[in-house]
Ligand code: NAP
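We begin with a single chain expressed as structure tokens, specifically the form predicted on its own.
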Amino acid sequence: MAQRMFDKVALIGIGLIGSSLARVIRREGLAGEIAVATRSPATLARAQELRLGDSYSTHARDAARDADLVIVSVPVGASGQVAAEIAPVLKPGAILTDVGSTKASVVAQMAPHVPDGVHFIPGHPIAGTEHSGPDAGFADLFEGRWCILTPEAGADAQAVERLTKFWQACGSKVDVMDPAHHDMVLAIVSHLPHIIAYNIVGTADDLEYASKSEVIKYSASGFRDFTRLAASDPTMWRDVCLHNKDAILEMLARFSEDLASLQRMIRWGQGDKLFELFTRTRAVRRSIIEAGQDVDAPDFGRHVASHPERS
């Protein structure tokens, strides 16, 4: 067990990421007190049943009061509203961070509300499943996964180091980058795949010549794995699209161009070019496995991962 790093941690939002943080903070003894806040009384009641925190409130301000570390785990479109609510009670020296998958928008929303003396260090743990809510979390979610921090120029180096060590204690590997660069990288590795998955599953759902029961019954691994992405939280992904619009549109344009090229290869029977493309993309999969970001298993490792009870 790691040593205590903060006297009080406030978790604003207790979905998959927030509840996983609560569990790993408790397991590793990283905080003396965990304060949980969420707007939904039903969600808050469930978090209390699961004993995810030590105090509970439907008001973010109550949880953030006197906290040494405040982690905002809400859909990115709500980040500014939360920052405005908690700003009056944030104590000097506190670290304020978030877990949103877009960063430039979060900085624009939250930074104007951050009081002097509070260290605002945006973050993004690249970890998740298609599940949501306080029951979805598990302490090993961040194990071996990357967490990207995007501190603003002039951010306190000691505060950045302290937050880095916190995420490392949660099991993450930590990298630091510029918010705009983060958003472009995540647009291709996360946002675009989810958007494509939503679109493909929507297309299948609209087919007239194949019944919905047939689509479900005969789903092979390809379509099945698209449905896993397409089952992700709709509110979160609506906000991602709206708050990383420019980067996503750029990647969609690139994808459309490459898709048109693939269409020509198929139409003109260019087998050599198809084989070359499929060989190159297969190598990307191998690189991901070698980087430790997945395991070499036919089900993409989901049933042998660190949370086997979800299998």
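One-based numbering along the sequence shown. Keep in mind that what you see is a predicted model, and the values were worked out from it rather than measured.
In what follows, reference is made to the form predicted in complex with the named molecule, a form of this protein that is not presented.
**Prompt:** Tell me which of 244-252, 61-69, 31-39, 273-281 has residues with heavy atoms within 4.5 angstroms of the named molecule in the model of the complex?
**Reply:** In the other structure, the partner sits against 31-39.
**Asked** Any chance Q168 has a heavy atom within 4.5 Å of the named molecule in the model of the complex?
**Response** Taking the distances in the model of the complex, the answer for Q168 is no, it never comes within 4.5 Å of the named molecule.
**Request:** Answer for S73 alone: is it within 4.5 Å of the named molecule in the model of the complex, judged on heavy atom distances?
**Result:** So S73 counts as contacting the named molecule.
**Request:** Answer yes if any heavy atom of A127 is within 4.5 Å of a heavy atom of the named molecule in the model of the complex; otherwise answer no.
**Result:** Yes, contact at 4.5 Å.
**4.5 angstroms heavy atom contact with the named molecule in the model of the complex for G133** = Because a heavy atom of G133 falls inside 4.5 Å of the named molecule in the model of the complex, the answer is yes.
**Prompt:** Using a 4.5 Å cut on heavy atoms, which of A83, A187, V99, L96 is close to the named molecule in the model of the complex?
**Reply:** When the named molecule is considered in the model of the complex, the option within 4.5 Å is V99.
**Asked** Pick from V201, A104, M236, I121: which residue has any heavy atom within 4.5 angstroms of the named molecule in the model of the complex?
**Response** Spelling it out, the residue with a heavy atom inside the cut-off is M236.
**Asked** Looking at the named molecule in the model of the complex, which residues in 4-33 have at least one heavy atom within 4.5 Å of it?
**Response** Stretch hits, in order: G13, I14, G15, L16, I17, G18.
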